[in-house]
Structure formats: structure tokens, C-alpha cells
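In what follows, one protein chain appears twice in different forms, each by itself as C-alpha cells: structure 1 and structure 2.
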Structure 1
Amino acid sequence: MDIQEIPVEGYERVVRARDPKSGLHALIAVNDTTLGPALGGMRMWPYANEAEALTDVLRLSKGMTYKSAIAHTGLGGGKSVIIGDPAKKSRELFLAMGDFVESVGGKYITAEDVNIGIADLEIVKERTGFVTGLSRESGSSGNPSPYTAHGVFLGLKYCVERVFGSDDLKGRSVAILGTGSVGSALARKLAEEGAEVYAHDLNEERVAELEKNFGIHRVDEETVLSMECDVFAPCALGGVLNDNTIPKLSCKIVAGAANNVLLEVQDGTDLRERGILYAPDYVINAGGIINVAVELLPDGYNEEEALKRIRRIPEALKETFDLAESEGISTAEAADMRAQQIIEEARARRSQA
């Protein structure tokens, strides 16, 4: 396996792995370990080229740094991506990925992300101990998706209370873009609370199942982005809010599970100027990483402790929204400001020790 360093300013370490035997072409980005080892998921995606993959892994790893800081997980931020078609997974590929993770020497701890499941990570685990989010049977915390969905649900309810004066979801309209494992779980929770839920996903069977079992309304992508609703919940890939899509929004709140929802920092300001309350992605979707981080506590994983920490997400949102109001800035900028404050305070304590 050929492993090469990629110098990137502002990142502690970025590395590339190429392994002709297994077909592995992957990147690991360690953004910051001031607060602890860099924890972040592994995703597999058919990127058009390495440059596209590098952009993604850098954005994601920085987001993980901020997410872990605001969630007080005691961890830093990192991410890994495998460049390739998820339909062409192999045991050899994930064994090689395990070797790649191991080569970083514990500065990066991996977990599930897009197109990566527990079965894949179990193979990675054969070559490295720096893996979280495995099955309960193996003593780990299991699939983090339900915990991510639970945190988003709690955060969304707080946003509704902030805007409308009550967190009662009965009759509230929510448009969900993306009904994967997290989006589907969120849709079910919302429907059970009496919300009118509209959803779109490239996988039409997912939405059809939600329609049949929970009364979710199927709509096309253009409709889910532009329909008049109380909440727009992006739960697919990032960059969905940008110069082209923000003018189409007819919602009061943006609160969803997707990472890197904003394509540019300015997009947060554009939402603010339109009077749309934006729940910063890495604040509201931290439930999964909080759950996984509990595995690393001295006494090991405890679900009740994880749920207790996830219930703090509305409080973290309140702190972010209050800071945005007091500073006259977007909620996206406020979240970054708060995360940076937490990291700088930790650096100061370390230098004085």
C-alpha cells in the first residue's frame, strides 16, 4: 500500500492511500486533536476525482471538530472517505482500509457514515482497534443513526418552540430531503407527533414505505425545496443550501441531519436576512457522534449516559441562537465562533499545564 502525506494548512494531518491489490483509494483528514483523538465516520462515494473527494473530507473533518467541541465529547475532528462505487465493496478493500486507519496511529478513530455499515466496519476492525459504532454484541454502541435522528428530532422541536412559541408538532408541516436511515427515522418520529411530513428521496421505495406505514406525503425534489412549510429538513448530502436553492425556500426553519448543509459561509447570512432560523448542522445532528463517543469513556458504553448527553442538543442550539442574536451574526457564524472558543480555551489550559 502506498501512503502519502498531503500538506493542507489548518489540518494536523491529511493522508492518501492507494492499494492496487484491493483497489483501495482513500483519504483520511485529521483536522484538530486539541480536545482529544479525532473521531469521525468513514464514507464511500463514487467521487468524480480525488480533488472532489479531498474537498469533501476536509469539509467533513472540520465539521467534526466543531461538532465534537460544541457537543463536549472530549474528542477532536477527523473523517475518512473511500473513493469508489459502494456496489463494488469487498473484504479485501476494507482490510486494506483497516491498515490505512491503523497507520495514522490512533489520531483518527473511525465510525459509520454514508454507504458504510457495521458489517464493513467489522472487517476494518480486524486490522485496527480504532473503530467505534460496531454491534452491541461486540460490546460497542451499534448503529448511530437512531441517535442522530433522536437528536435532530429534539433540536427541531426546540426550533419550532423558538419560532412559534410552542414545541407542539401537531399540524406543523415538515419537508424532508433524504430518507436514508436518519431521514426515515426522523420522518417516523415527526409523523407520530402529528406533523404533516412531506419527503423526497432518490430511492423512491423508501418514501413509498413511509407513505404506506406512516402517512408521509411523497413529493419531487423541486417541491420539497420550495414548498410552503414550517420546517425544511435536509437529511441527504451537503451543499443543498446555496445561491440557487435559498431563494426558493418558503419555510421558517431549516433543521436537518445532513452535514455541511451550507455550500458557503455567506449562505448562513442569506438565511438570516430572509428571516429563516437555521439550526447549524453539526450542532443539531451531533446525536450519533455523542452516542459513539460514550464508548470511549473509562467505564465503556452506557446508553442512558448517551441519551442524557443527546438531550443537551436543544440547550446547545439555544446557546448558538442567543449568541447569534447578541452579536448580530448568522447562526452558522455563531456556531463556528462558539466551537472555536471551546477549542482555544482548551489550548490555553494545555499551555498553562
Structure 2
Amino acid sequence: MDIQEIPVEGYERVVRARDPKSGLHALIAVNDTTLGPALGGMRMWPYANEAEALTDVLRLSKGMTYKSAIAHTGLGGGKSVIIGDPAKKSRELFLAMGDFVESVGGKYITAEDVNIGIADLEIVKERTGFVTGLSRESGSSGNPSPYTAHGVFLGLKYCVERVFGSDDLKGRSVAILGTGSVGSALARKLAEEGAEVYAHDLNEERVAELEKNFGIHRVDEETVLSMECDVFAPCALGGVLNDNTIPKLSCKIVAGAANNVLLEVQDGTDLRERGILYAPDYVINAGGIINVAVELLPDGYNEEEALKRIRRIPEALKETFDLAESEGISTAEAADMRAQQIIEEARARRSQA
């Protein structure tokens, strides 16, 4: 396998692997390990070329640094991408990927991400110990989605309290876009607390099931975005809030699980100017990474410890919102600023020690 360094300013290490035998062409980016080893998922995607994959892995690994900093996981940020068609996975490919992860010497720890499942990681694990998020039966932390949903639920309640003066969800209206693993768990929790929940998903069956079992109202895509409601909860893909959609919103709060909800930094400012409280994506959706990070504690995975740490998400949101108010900036900018502060403080402590 041919492994080469790609020097990128602001990143501790970026490496490329090419292995003609297995067909592996992959990148690992270690953005920052000031707070601990760089944890971040492994993604497989048919990128048009390596430059596109590089842009993605750089952006995603930096996002992981910020997310872990604010969530106080004790970890840094990293990510890996395999360039290729997920329909053409093979055992050889993931064994080679395991060797690649191992070659970074523990500075990068991998987990699931888009198009990578537990079965793939089980193969990676044959070649490296730097793998998290495997099954509970194997002593790992298991599926992160319920923990992400729990964190989003607690964060959403905090946003409701911040805007309306009480976190009581009875009669509060929430419009959810995307009822997959996280969105459906969130919908259930909200309905159980008495919220009026409206939802849309490309997969109609998912919403129909929630409608039948939990009294959730099924709406179309246009309605879920534009309806008058207290909270809009994006739980599908990223980029959903942009120049086109922000003017349509009639909610007071945006709080959901989706990553990269804002298409551009400016969208955070636009939400602020419209008087909509935005819970920054990586602050409110950190429940999954918090759960995984507990796996790396000296005593291993412990659900109670994970839930205790997830209960701090509202506090992280409070700090972010307070900073945005005092600096007169958007909450999205405040989250980045707060994450940078946490990393800088750790660097300063380290250089004094």
C-alpha cells in the first residue's frame, strides 16, 4: 500500500492511501488532537475525484474537532473517506482500510458514517484496534442514534425554555423534516411529552407509522418548512437552511439533528435577523459522539455515564447562546468561537505545564 502525506495548513496530518491490490483509495484527516485523539466516522462515497474527497474530509474533520470540543468528550477531530462506489464494497477493501487506520498510530480513531455500517467496521477491526461504535455485544457503545435523539430532545426543550420561559412541551408545535433513526425517536419523545408534532419524510411509510402509533400529523415538504410552529427540527440532510428556505420559515426556533444545516455562514446571521433562535447543529446533535466517547474511558462503555454527559447539552447551548448575545453574533458563529476558545485554553494549559 502506498501511503503519502498531503500537507494542509491548519491540519495536523492528512494522508492518502492507494492500494492497487484491494482497490482502496482513501484519505484520513487529523484536524486537531489538542484535546485528545481525533475521533470521526469513516465515509464511503463515489466522489468525482480526489480533490472533492479532500474538501469533504477536511471540512468534516474540522467539524468533528469543534463538536468534540464543545461536548467535552476529551477527543480531537478527524475523519476518513473512502473514494468509491458503496455497491462495490469488499472484504479486501476494508482490511486495507484497517491497515491504513492503523498506520496513523492511534491519532485517528474511526467509527460509522455515511455508507459504512457495523459489518464493514468489524472487518476494519481485524487490522486495527482504533475502531469505535461496534455492537453492544462486543463491549462497544452500539447504535448512536437513540443518544443523538435524546440529546436533541433535551436541547430542544432548553431552546423552548429560553424563548417561551418554560420548557413544558404541552401544546407546543414541532415540525420535523426527516423521520429516520434520529427524527423518528425525537418525534416519539416529543409526542409523549404532549407536543403537537408534524412531520415529513421522503419515505412516507416512516411518517405513516408515527401517525398511526403516536398521533403525529403527516405534512408535505413545503408545509413542514413553512408552517407556523414553535420549532422546526431538521433531521434529514444538510444544507436545508439557505437563501431560498429561510424566508419561508414561520417558526421561533430551529433545533434538530441534521449536520451542516446551514448552507452558508451567512444563513446563521439571516436566522438571527429574523428573530429565530438557531441551536447550532454540532452542539445539539452531539449525543451520539458523547456516547461513543464514553467507550474510550479507562473503564469502558457505561450507559449511565453517557446519559449523564448528554444531559450537559442544554448547558453547552446556554453558553453558546449567551456568547452570541454578548458578542452580537449569530449562534452558529458563537459555537465556532466557543469551540476555538476551549481548544486555545487547553493549548495554553499544556504549554504552561
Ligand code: NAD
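Here, residue number means position along structure 1's sequence, counting from 1. Computed from a predicted model, the values in this text were never measured in an experiment. We call the rigid core the largest set of C-alpha positions that still match within 1.5 Å between the two forms.
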Between structure 1 and structure 2, the form predicted together with the ligand: 2
Rigid core fit then Gly98 CA moved by 2 Å or more between structures 1 and 2: yes
Exceeds or equals 2 Å, Cα of Leu27 between structures 1 and 2, core fit: yes
Rigid core superposition, Thr128 Cα moves 2 angstroms or more between structures 1 and 2: yes
Angstrom shift of the Cα atom of Ala53 between structures 1 and 2 (superposition on rigid core): 5.3
Rigid-core-superposed Cα shift at Ile118 between structures 1 and 2, Å: 3.0
